[in-house]
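First comes one chain, alone, set out as structure tokens in the form predicted alone.
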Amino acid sequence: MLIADIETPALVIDLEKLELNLKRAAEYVRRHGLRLRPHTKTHKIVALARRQLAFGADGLTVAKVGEAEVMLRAAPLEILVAYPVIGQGKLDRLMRVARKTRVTVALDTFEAARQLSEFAHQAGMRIGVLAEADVGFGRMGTKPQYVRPLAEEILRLPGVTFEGIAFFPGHILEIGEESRQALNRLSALIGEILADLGRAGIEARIVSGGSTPTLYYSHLVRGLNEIRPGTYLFNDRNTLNCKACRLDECAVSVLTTVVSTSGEDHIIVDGGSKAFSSDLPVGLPEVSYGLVLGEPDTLFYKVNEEHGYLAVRDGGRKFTVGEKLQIIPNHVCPAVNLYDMVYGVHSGRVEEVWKVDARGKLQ
């Protein structure tokens, strides 16, 4: 089947670019002696998790227990749940996952650690724990000065093993001079956390951090020995805007069809918020929902649920109903979660069709 034969809207992955992105990351971690535990919340596809493992990933990262249950099919040696697991139902399910592979959980409160300990101890299991620190993004993570007290409390609990720390430097985006200074501050902060643990005689075997924008600068962070990027295998418009990839490294696009040219100043494609999500671009002043490939003067400026509005500028080229356009989504992670199937293409021909196995696994 040719790409032109795919029913739209559809999420399309360039297989050659995907392979190069996987290879680049694998070579980087080998060169710098880092562990790679990639975050599967981006692709949610077992076949791609297997491919990441084949490229040398040490394990997989997931956000939720539901994703962990699905990713067991990729046969990872270990799974990191980079999210606190709270409540009896989820913890019971996590114990069942832990009977099939080694499990570690990142958390930032003693209450989350206590619940995990209780269920692991009752099940006769030992679950690894990473204490998550907030290093500037302001989302989750205990304050750096509280990492040691949290680690000390975890060490007193049965059924769990303190393995180290986790952090997410989501506040560091484009790697310019200002961000390099932020990386230096991050490195110093991680060094302080590790020194504080060391003074208490606590070993952090794993120092897990990183994101796609900072992926290839991870070796500059003191003590960091594991990275868990997600978007890197596809990249997206926000990765491009952060200068963390080039346009020819963006493997993902949404294939759409022009369905209306009746508007005086716009056309409509058959992909709206249900095909792209409503995420806006990083670092751009105008509202836009994706980058239209091959059409630099075309602005994707508005979405309804089923409609995408593309501005038609005076003197610009004329679009025709039935014409197909490829648009790089701003943020690929929520976009993938909107689809049942993803198409892998090479040289205009569909070579792979993947089910999005962990779609909707939010619990």
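What you are looking at is a predicted structure, and each value in this text was computed from that prediction instead of being measured. Numbers for residues come from their place in the sequence shown, where the first is 1.
As for the form predicted together with a small molecule, it is not shown, yet the points below apply to it.
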### Task
Choose one stretch from 149 to 157, 260 to 268, 281 to 289, 221 to 229: the one whose residues place a heavy atom within 4.5 angstroms of the small molecule in the predicted bound form.
221 to 229
### Query
Heavy atoms within 4.5 Å of the small molecule in the predicted bound form: does residue 128 have any?
no
### Query
Taking heavy atoms only, is residue 162 within 4.5 angstroms of the small molecule in the predicted bound form?
no
### Query
Does residue 143 reach the small molecule in the predicted bound form, with heavy atoms at most 4.5 Å apart?
no
### Query
With the partner left out of view, is residue 76 within 4.5 angstroms of the small molecule in the predicted bound form by any non-hydrogen atom?
no
### Query
With the small molecule left out of view, which of 211, 179, 277, 117 would have a heavy atom within 4.5 Å of it in the predicted bound form?
211
